[in-house]
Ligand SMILES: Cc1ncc(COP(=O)(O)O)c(C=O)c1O
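Let's start with one chain on its own, the form predicted alone, as structure tokens.
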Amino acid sequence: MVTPSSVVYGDATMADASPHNTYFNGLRNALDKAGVAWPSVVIDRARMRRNAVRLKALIAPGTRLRLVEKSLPVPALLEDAMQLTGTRALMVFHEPQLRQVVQWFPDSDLLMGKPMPVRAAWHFYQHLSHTAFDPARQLQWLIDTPARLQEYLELACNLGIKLRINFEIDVGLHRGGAANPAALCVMLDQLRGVPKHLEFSGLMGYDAHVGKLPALLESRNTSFSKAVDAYRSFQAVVRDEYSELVSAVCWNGAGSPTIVLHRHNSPLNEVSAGSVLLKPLEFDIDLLSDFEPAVFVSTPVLKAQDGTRLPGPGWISKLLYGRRAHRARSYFIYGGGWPAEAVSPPGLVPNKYFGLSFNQSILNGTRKYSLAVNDTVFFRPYQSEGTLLHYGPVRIFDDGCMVDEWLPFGEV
């Protein structure tokens, strides 16, 4: 088993004449050789592939994995992940990315991960370029209310098409969707009357709340059991009262934080995950302890100084920082203000008194891991979905080198 410390920090051995350990020193050297001297996202391809093997092993027999596209919004990364995990099913959350996905992956099976404004759906059909992708067979729209279902019915009638409809159900997250089986029945009755334009394709119940409450209020196991029971109550109504609609139905749910729990005693025939392949910081939870962080943000040090000096009278800096070892050095870095935490060298912390800067953030650290101008700082992002889109080409690290650059999806 991979230990948490080795997963996060790699080999703990400090490289000679470097503030980084052996792992991050290897990343730094590879970036230097590639001539990268600005903020960049780095994906460790070997770690990602090992994570894919671990993820595949968690999927229960007879259950399909649906990869979450927003967590892996890079076409080459998605293709790699689909091949490694043996799935062509994706969950998509953004209309511009939906149009690109159907061009890149015309053989994919798509489920929208949130209810889209009907105008976004209209835009998709109006701007659907020539492709082998067939929305009538390969795309499920997520619907949360009777009003939205009526809007989508009108869209289908106006365009003369048939839409596959997946209903969002509330299994405890309380972020919308059918609140109970009776509310689901209202929408199923609407759908049942218009088979020419709407086709029932399944249910989606997201359980991201499981494990988030303090254990004193409710244990993870209790939250999971409640979510499973809720899901089964919705399923029972569909099977008992709308059996004519049930054919190759998608019972979707889970997510990276709960996918381990759905290995057993799950009502799902399909689970969703994506972030776990890269394991950003928010996924450092016990259920995912075997997975390795595989995505980092790197940036150069622009300025390195002894001590910490704030604008204004010198005594203020002495009062706040005098003799504080963890503030012995100050570094102004290229960019900053990211939803991420510095992880190498160890002990770097942002300076709250200087305030937020997206141009030249300041970090403080000890003399033990002292940096110089042109050295590199590595961050772990909290999430992958908001990180991979905003730094240009993603750098791919493998076998000690930067072996490729993968462009993320753009706005079209």
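Note that residue numbering begins at 1 and tracks the sequence as displayed. Since we're looking at a predicted model, the values are computed, not measured.
Keep in mind that the form predicted in complex with the ligand is missing from the display, and what follows is about it.
In the predicted bound form, at least one heavy atom of Ser275 sits within 4.5 Å of the ligand. Taking non-hydrogen atoms only, Tyr206 approaches the ligand to within 4.5 angstroms in the predicted bound form. Using a 4.5 angstroms limit between non-hydrogen atoms, Val68 touches the ligand in the predicted bound form.
Although the partner is absent here, Gly113 sits close enough that one of its heavy atoms falls within 4.5 Å of the ligand in the predicted bound form.
Residues with any non-hydrogen atom within 4.5 angstroms of the ligand in the predicted bound form fall in just one of 333-341, 243-251, 133-141, 267-275: 267-275. In terms of contact with the ligand in the predicted bound form, the residue from Gly255, Pro293, Pro300, Pro181 that brings a heavy atom within 4.5 Å is Gly255. Arg175 is the sole member of Lys162, Arg175, Arg192, His123 with a non-hydrogen atom lying within 4.5 angstroms of the ligand in the predicted bound form.
Contacts with the ligand in the predicted bound form, taken as any heavy atom within 4.5 Å, map within 84-119 to Met91, Phe93, Gly113.
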